[in-house]
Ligand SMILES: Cc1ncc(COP(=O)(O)O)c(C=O)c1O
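Consider the single chain below, provided in structure tokens and representing the form predicted on its own.
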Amino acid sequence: MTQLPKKLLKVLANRKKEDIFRSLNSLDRLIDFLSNDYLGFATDETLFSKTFQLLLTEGVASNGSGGSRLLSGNHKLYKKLEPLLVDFYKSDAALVFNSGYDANMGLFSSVPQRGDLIFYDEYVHASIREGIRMSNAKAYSFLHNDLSSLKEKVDLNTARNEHEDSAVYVVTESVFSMDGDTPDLKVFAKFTKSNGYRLIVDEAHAVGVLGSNGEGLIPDLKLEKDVFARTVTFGKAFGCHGAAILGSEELRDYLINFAKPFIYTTALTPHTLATIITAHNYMGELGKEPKALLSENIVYFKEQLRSHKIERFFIPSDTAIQGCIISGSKKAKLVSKKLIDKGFNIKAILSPTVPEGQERLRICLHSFNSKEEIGLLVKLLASFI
């Protein structure tokens, strides 16, 4: 095989030197405080069985979709899934993408136009940043969850903007993937609505676990009519794969025509769609118990932090994502290794994924974690940090 160019080998060497080199590892036998499978749906045998039964009921025996949705891949389970998503998330329309990354790339690379302005929270997903980078709009970040910072950036840059018909987009998340915190969405929605701006909210880490039926924060706060677009994903609390953009019928039509990650990607398999359908139906039937257990575990975890006097190391969060700040890549990796050696699957999150000096352990709580596991984890953390 031809070797990598020297400049790329140098970049890899620098990663190793700086102790931020990434590699693939399998730690399947450890106690899970790592995955985004908050409700245990990814390994739920009943969900697996119901998915198979749905395929039999629908008479679907295909292994693949055979092409993009605009070619041969728009099989009948899409027609069953997207109306279900509209009802579940209280949206006017839904368009399914192959992943949350594809959904955000498709939305942000195609919708904002030259002359438009995008203001995004400094901690939004990498997929949002990449999509924005591929658009022709000008983009500015504002301080995390800070409405005053947003207003300041908007006032400064809308005054400079020479395009009279420009659209203004404000982008945030309902639960942030690394900090686990939430913005005041009612305040953000009021600000954007009163100024005629368009609010976009990524609900990847909220759907499934927040809202009375797992529909996320936007419907729970009754803000669905005040939001231009939402991203919902199915690879986290729903335990499967794929994503959707929620919005108006016109937005759906636009994305079908102009979102390249949608147009040029082979459609999801029937089995994947059947799993998404089953997971959403399953949430209504049996999802309340794991949601309640997860809520109990979050409360218990925070009680244990206070009991062991290590609460100050954690970013304030009432969600399943709990971030323990351990500044410095070497220190964070060392504590992670100690926990792995004790049987806990927890990894360090390093720069550049998080800002330098904000390295951390990202602890994900689940409905299936026992009180004994949580108690022992916090006890070990207290001794290691």
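For clarity, every value in this text was computed on a predicted model and none was experimentally measured. Residues carry their position along the shown sequence, with the first being 1.
What comes next is about the form predicted in complex with the ligand, which does not appear here.
- Proximity to the ligand in the predicted bound form holds for none of G239, K291 and N369, with the criterion being a heavy atom within 4.5 Å.
- The closest non-hydrogen atom of S295 lies beyond 4.5 Å of the ligand in the predicted bound form.
- At the 4.5 Å threshold, heavy atoms of H125 reach the ligand in the predicted bound form.
- For N104, a non-hydrogen atom is located within 4.5 Å of the ligand in the predicted bound form, even though that partner is not displayed.
- Among heavy atoms of T182, none comes within 4.5 Å of the ligand in the predicted bound form.
- The partner is absent here; in the predicted bound form, the one residue of T265, S99, T158, S149 having a heavy atom within 4.5 Å of the ligand is S99.
- Stretch-level contact check against the ligand in the predicted bound form with heavy atoms at 4.5 Å: of 245-253, 202-210, 139-147, 110-118, the positive one is 202-210.
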